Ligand SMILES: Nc1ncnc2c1ncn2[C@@H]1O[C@H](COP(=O)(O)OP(=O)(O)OP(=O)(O)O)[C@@H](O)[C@H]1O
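Shown here is one chain on its own, the form predicted alone, set out as structure tokens.
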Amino acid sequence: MASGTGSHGHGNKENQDWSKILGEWNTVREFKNIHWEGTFWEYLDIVKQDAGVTRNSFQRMYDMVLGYGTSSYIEYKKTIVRYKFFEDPIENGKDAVFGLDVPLMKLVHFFKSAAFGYGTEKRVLLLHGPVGSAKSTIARLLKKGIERYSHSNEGAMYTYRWVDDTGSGILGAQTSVRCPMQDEPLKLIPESMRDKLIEELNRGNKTPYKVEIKGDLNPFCRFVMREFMKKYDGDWVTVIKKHIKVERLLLSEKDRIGIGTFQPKDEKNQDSTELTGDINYRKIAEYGSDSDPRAFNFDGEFNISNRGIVEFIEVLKLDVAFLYDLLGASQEHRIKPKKFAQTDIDEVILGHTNEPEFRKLQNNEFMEALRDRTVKIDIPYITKLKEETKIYEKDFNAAKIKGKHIAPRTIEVAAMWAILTRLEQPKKANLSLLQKLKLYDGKTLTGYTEDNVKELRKEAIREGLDGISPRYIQDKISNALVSDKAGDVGCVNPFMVMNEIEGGLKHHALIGSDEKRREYKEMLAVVKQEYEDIVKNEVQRAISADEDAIAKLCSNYVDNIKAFTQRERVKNKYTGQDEEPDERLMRSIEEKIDIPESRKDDFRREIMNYIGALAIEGRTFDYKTNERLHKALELKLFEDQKDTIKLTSLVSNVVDRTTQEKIDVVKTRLIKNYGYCEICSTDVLNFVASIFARGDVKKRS
């Protein structure tokens, strides 16, 4: 068989130089940088140059989040900070969190307080919320973020290893052993020498944090240090010179270095050694005692998470024996491995739980100590339509669903229904749930100010903690995409998804009563009605999107209101005669935006004053800059044109050539301007035509 690329049918084409490409991607210099190794004295030089390498776990977490930058906006007269880290720049938005800026602000405030030693560093951080509200996603982001941060120059951190080629046997049969809990190298300094060194290291320190040396060596390193000190008659400097190598510490969840995850099993199989490590029975024979730290595996989740973060999944399902370990770890920053003294740790303890489990905690008087040492941050469901929509757009976009098309508004109506299930009924009798949804989404409503909306949020205590999870909506959109109705290369429309949603309600495990199912179905009917109104407006705008016709109508209107306000006559372009201003034309436009007869004079003067002010600045009037007038002109044009297009004839399937040409123009606009495809543009025109056919033409709100 011929060798080389020719054997695969590519002739004599040269091989791609993959080694060069991959060499550029992972340079030797970068590898050497993140795998730095040196003496303890070289490490002290590094600390003197950049005290940030000695930061504790909370300080690192806070700096890591801030490192990605922030933006801010005003909501209800309050400044909200958005932390870009939670948009998941690490993996291009794969785990991005939407619509939770306020809870995430509280989370970052927790880290800030802990970073500066204000007390929260002694607490368990508990994320609490309903299923599917992004608790696990936030935990995953923090773990992923701190791992990446440890690989960067800004997040550089160090630990040490013991080396011994003297054959002393202190390290057993090994000549090199890494600190089993990846401790900070400064812990090697004896208590009596620390104050003087800290003073020197903090001189010229430009970081916001002071260099501190807290806690003692772990049992293994304490034992090894003691044995070497005996060997060299207490000469600590010689021990450090001969037997310590400092190296970069790279956190890794997969390698269980600095990042741990603990998930409770059933109560019979729970064992606290999973948290604090266990005896290595094979090594007892080698070292002769089960209390020799060299015969102990420091591989519990608390041990391996030292200097980083440990996540407790469903933390409140822990056995009581585990909770004692958790309390000591949070309050005292210490754990108690079997057979050994209290051992110092430095790690963020993050737990998350759902509501039923949290209620058990509140009702259990034996858990009072845990409640007292917990900072709870509610992670509710999203109640803003724009933000909820982003979740589904991330999962169902053109790149991910090749060969299928999702009609415009499909995702929006699904998100709308999900949010309606999460909102509490407003106490104001004249406000509907849908109107409340729109107010929360930033829409304006007559009679409601920002203060009113803020009040609505305050009075709804449990809003966002009940309702339908985003996972249910994702499942139903997926079902619609693979259903026979969507076809092999088809289009999914809002009704397909709404039908899937309705069909799934019968078997939804988390809906506890028929009354709740009935309520959710009624909400679906509200969403369908809202979709009708939205889609009607879109078709109306597509029909009246003839800019030349709107400009002509605008020019005619302006000529008439100018004559009206200046008490002049208007020249008829066809007859050449001077005539009175066309009151009927002016009112037909003004009525479209609810200008009453009593306000028409003021409105016309406002428009003329606006045009006059532009003229003084040397600018030309453009109807597009006046939103209300633009809307009125569009509606007037639609009213004039809809009869010529005869949309209702679509329903009867009898369409003449002229009408078909006009309909094709509207379809093209729907495709170009609104994101429809050939299939769903036809569907939506037929749907709107059926509405007009049954005489269901409502004024556009």
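Because the structure is predicted, anything quoted here is derived from the model rather than measured. One-based numbering along the sequence shown.
Heads up, the form predicted in complex with the named molecule isn't pictured, but that's what we're talking about next.
Heavy atoms within 4.5 Å of the named molecule in the model of the complex are found in one stretch of 94 to 102, 370 to 378, 449 to 457, 330 to 338, which is 94 to 102. Every residue of the trio Ala134, Ile382 and Lys394 has some heavy atom no more than 4.5 Å from the named molecule in the model of the complex.
Of the residues given (Gln342, Asn354, Ser483, Ser152), Asn354 alone sits with a heavy atom within 4.5 Å of the named molecule in the model of the complex. Distance criterion of 4.5 Å from any heavy atom to the named molecule in the model of the complex singles out Pro470 from the list Pro180, Pro293, Pro470, Pro581.
The named molecule in the model of the complex is approached by Pro130, whose closest heavy atom lies within 4.5 angstroms of it.
A residue is said to contact a partner when one of its heavy atoms sits within 4.5 Å of a partner heavy atom; Thr625 fails this definition for the named molecule in the model of the complex, lying far away.
The closest non-hydrogen atom of Gln474 lies within 4.5 Å of the named molecule in the model of the complex.
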